[in-house]
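Before any questions on how it binds or moves, here is one chain, the form predicted alone, in structure tokens.
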């Protein structure tokens, strides 16, 4: 493993451990509720629908089948809260790749080493991707184990498909933050871009299914390619996942071009 990748992973270690523990605790706790919910699924469904009326219910994925194992797992782990928490992890780590060191005045020192900018960025991104992959693998094991223990009856292949999409989504946003950091060198700018695109994209994707004026915008948000294929219900949406991979590659190439041409004071 390249030295800079190993060094960056070391810098990420405490954050990765903290986020992994937090995400696992979240998944384990909420998935375990399903077993008690099944004692009276009709009442639980009515309460859930009443708690999130109208537009809020759309944002939570509709909740029409929340009493089923697949519907509950989708609503809890893969619809809103799970992606939100994991994306926050990716955004924080992505900001530590370039924008954070530049604002801390340590990036200039790194660039004085016999290491070209392209290699620096690629190895920082590799560390980001490996860190997020590690979190994804551990949380996949927890999600699959907890859902099995709770008797949800969701095949592991479907959980793997959904978790793969979740990883690709957060990798996109992590790369987006790295790209904005490479272009502007400011953490707040990167956070703003990722936050606006993420929140607006989720709203457009969920509300655009029933609002014609927003429907065409769904194709511009990565959330569409994560949610639209419904992997927990239908299996692997290969085309959508390829779009996410392609968009991430475009962001990475943009980051390389921007970082190579920008003056960072060296």
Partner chain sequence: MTAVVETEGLTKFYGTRRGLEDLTLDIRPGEVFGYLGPNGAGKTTTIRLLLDVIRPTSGRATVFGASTRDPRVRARIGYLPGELALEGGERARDYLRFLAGVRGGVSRGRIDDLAERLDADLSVRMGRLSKGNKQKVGLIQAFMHEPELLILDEPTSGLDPLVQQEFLAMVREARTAGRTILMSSHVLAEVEHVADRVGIVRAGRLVAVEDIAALRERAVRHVELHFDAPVPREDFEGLPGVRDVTVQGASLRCTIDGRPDALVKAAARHTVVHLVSAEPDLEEIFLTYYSEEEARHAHAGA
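Positions refer to the first chain, counted from 1. As the structure is a computational prediction, the values presented were derived from the model and not from experiment.
Below, we refer to the form predicted together with its partner chain, which is not included among the displayed structures.
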Problem - 4.5 Å heavy atom contact, residue 111 and its partner chain in the predicted bound form - result: yes
Handout entry: is_contact(residue 81, its partner chain) in the predicted bound form, heavy atom dist at most 4.5 Å
Key = no
Practice task
Answer with yes or no whether residue 117 is in contact with its partner chain in the predicted bound form, where contact means some heavy atom within 4.5 Å.
Solution key: yes
Exercise for the section: Could you confirm whether residue 104 comes within 4.5 Å of its partner chain in the predicted bound form, counting heavy atoms only? Expected result: yes
